[in-house]
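Take a look at this single chain in structure tokens; it is the form predicted alone.
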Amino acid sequence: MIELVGLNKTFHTAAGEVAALKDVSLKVDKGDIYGVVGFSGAGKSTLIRCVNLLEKPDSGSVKIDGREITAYGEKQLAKEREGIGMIFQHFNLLRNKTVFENVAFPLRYARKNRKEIEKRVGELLELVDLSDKTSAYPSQLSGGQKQRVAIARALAMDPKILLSDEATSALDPQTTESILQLLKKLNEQLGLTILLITHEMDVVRRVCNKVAVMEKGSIVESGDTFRLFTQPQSDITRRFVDSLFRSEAVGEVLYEPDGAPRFQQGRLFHLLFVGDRATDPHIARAIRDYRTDISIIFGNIEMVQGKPIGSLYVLIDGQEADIDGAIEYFRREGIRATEIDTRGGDDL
């Protein structure tokens, strides 16, 4: 559906050259909700704008359904873009136009007749649950409603691909959830392929079946979302996964304000439970069978692609041989156990 091969893009600024994309390759299959995650400046927005050539790469290939579009002229490119909808963080609605007129804009630009426009706009507003807002202006809408209007407008020409550039970043958590559920519905009901840019791993885990992690203009890791959450290979991916499990809060529990460890006895471990293991009583079994005292310091469970992943920080006290035995038990059960150095705060 979307195939990017060897994309490079450099911007020339007053401060010098900035390499936004460095030999980036990415394949999005039909029906994917593919997330691209990275911190600010990673190159995510440049990448997504290269898909519809709003930003033309310096080199590399952009293929849509097998068609190489980087060499297209303006007319060919305009036709190709009809099949690619796009939504943005700040909605980009026409403030002096009603909801109906905003959604109708691309249809009028394409010279559709009045009946076609009325029918299509009506269908789209019903699809995004805004049939009662036809005559409203953007200033009368909430942030979530504005984004729904933007989504309806992006779907006006019946595209097969939807590009989402930080479309939920300006929304509160509850509204974000509703927009993500809408995108998931569009993916399932319309067969829409979605390429979604975000800096939030929580967005990825809620709707994406695949994900690529970007850093400094390059893709450092990509693949199945569940695999990346459970087996991150790069430091940057581990940081994103840790952000989902709010691991940054662990430091406040482990250390005094002056940096001294709160716990003087025992050994600290991070345990990652995947799938059914997240709900099994492994801690109780380790306490019983290995004569250890296990204190849960911090933890939570998140759902990724319909499967639970549990994250626990535990303090294990007892004889060294018993602690080692408990850890071996966890690892035999498929639980990832990483010891934390409480003296320096780093993983061993």
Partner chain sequence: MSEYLSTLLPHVITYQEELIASIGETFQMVLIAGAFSVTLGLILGTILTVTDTGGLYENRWVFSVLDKIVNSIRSMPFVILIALLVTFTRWLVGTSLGIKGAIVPMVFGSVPFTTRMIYQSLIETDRGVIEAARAMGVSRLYIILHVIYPESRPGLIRALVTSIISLIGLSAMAGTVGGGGLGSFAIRYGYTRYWQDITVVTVIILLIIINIIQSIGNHLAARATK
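Numbering follows the first chain given and starts at 1. Predicted model only: the values in this text are computed from it and were never measured.
This protein has a second form, the form predicted together with its partner chain, left out of what is shown; the following refers to that one.
Its partner chain is not shown here, and in the model of the complex it never comes within 4.5 Å of any heavy atom of R148.
Interface residue remark: R267 is not counted as part of the site for its partner chain in the model of the complex, having no heavy atom within 4.5 Å. Proximity of K185 to its partner chain in the model of the complex: non-hydrogen atoms within 4.5 Å are absent; the residue sits far from the partner.
Heavy atoms of K160 never reach within 4.5 Å of its partner chain in the model of the complex, leaving it off the interface. Within 4.5 Å of its partner chain in the model of the complex, a heavy atom is found for none of R206, R227 and R336. Taking R108, K119, K216, R262 one by one, only a single residue has any non-hydrogen atom within 4.5 Å of its partner chain in the model of the complex, and it is R108. A78 is the sole member of V253, L190, A78, A71 with a non-hydrogen atom lying within 4.5 angstroms of its partner chain in the model of the complex. Across the options 217-225, 236-244, 97-105, 172-180, residues that bring heavy atoms within 4.5 Å of its partner chain in the model of the complex belong to 97-105. Contacts between stretch 51-89 and its partner chain, counted in the model of the complex as any heavy atom lying within 4.5 Å, involve N52, L54, E74, A78, R81, E82, I84, M86, F88, listed in sequence order.
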